[in-house]
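A lone chain, given as structure tokens: the form predicted on its own.
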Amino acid sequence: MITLEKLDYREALRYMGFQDGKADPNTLSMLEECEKSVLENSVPRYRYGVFDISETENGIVVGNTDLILQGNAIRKHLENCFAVVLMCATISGKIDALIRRTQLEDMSKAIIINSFSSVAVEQLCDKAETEIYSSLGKLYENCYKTWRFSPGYDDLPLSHQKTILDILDTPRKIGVCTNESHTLTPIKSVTAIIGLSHTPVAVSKRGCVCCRLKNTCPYRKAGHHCAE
């Protein structure tokens, strides 16, 4: 079981729009308390599966499933890959309740808690990915992996979320569902696709080229990116 013991303050401040850790004294004074609240209410869990893939005119077919990954971005992302890891991670509905409750009490704290919650689920994904990669076995021990690519990035349909959840049985196993607009619940949850290749994967800034927010992202305008 994965536990989260410390959250990245610098990353949380970036989610709030502050660069280089420079925030007003009032915000800085609340960081420790808000981090503690997020850690106390987080219940980190994840599910994953490994599937062979094949390329067709209609998209990337995920073996033994009904999932066909559509769009030029995911096709490029999985170029030279022979398999994918489908993953879903969440820090639980307790965080949703914490955010809602804090919004009624103190909006400034709610913003900080929301940011720390985003950091928490990303750190969970990083740890989960490490665990997954180390457990793949001899068949995959010498393979290379891509960075995480989520439905909604660029032209990969957000509607793929539901199919991924169904494949991984997340509603029953870890309580992650999707609504009619394909938004995940709990809100601090992530679905992701990681490509596996026998050849080295080109290094890039964590999806900036593929991200649909690349032209408006405040991090890129400031010379940063999400992987820093």
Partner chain sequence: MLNKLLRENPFVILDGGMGTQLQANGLRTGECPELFSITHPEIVRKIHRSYIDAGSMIVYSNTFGANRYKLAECGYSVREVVEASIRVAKSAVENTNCLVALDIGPIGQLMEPTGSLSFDEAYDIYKEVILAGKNADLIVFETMTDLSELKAGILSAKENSDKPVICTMTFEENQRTFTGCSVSAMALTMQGLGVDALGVNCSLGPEQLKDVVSELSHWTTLPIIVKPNAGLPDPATGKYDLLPQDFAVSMVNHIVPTGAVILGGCCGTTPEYIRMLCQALVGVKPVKISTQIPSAVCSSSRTVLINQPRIIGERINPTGKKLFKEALRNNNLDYILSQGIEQVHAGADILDVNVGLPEIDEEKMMVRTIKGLQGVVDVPLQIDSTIPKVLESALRVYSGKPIVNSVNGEEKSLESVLPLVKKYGASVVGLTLDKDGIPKTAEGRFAIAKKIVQRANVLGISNDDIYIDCLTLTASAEQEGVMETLNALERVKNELGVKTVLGVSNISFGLPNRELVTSTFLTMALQKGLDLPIINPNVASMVGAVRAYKLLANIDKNSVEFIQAYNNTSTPKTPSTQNHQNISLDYAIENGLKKEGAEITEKLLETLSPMDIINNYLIPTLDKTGVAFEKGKIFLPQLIQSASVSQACFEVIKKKLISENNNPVSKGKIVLATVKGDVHDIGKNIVKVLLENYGYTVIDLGKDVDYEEVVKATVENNVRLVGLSALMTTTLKSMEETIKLLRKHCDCKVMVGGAVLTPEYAKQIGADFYSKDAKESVDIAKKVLG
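If you're wondering where the values come from, they're calculated on a predicted model, not measured in any experiment. Positions refer to the first chain, counted from 1.
The form predicted in complex with its partner chain is left out here; the points below concern that form.
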*Would you please decide whether Asn114 lies within 4.5 angstroms of its partner chain in the model of the complex, comparing each non-hydrogen atom pair?*
yes
*Does Asp166 reach its partner chain in the model of the complex, with heavy atoms at most 4.5 Å apart?*
yes
*Looking in the model of the complex, any heavy atom of Thr27 within 4.5 Å of its partner chain?*
yes
*asked:* Can you work out whether His198 and its partner chain are in contact in the model of the complex, taking contact to mean some heavy atom pair no more than 4.5 Å apart?
replied: no
_Tell me which stretch of 98 to 106, 139 to 147, 72 to 80, 120 to 128 has a heavy atom within 4.5 angstroms of its partner chain in the model of the complex._
98 to 106
*Since the partner is left out here, which residues of 48 to 85 would have a heavy atom within 4.5 Å of its partner chain in the model of the complex?*
Tyr48, Asn64, Thr65, Asp66
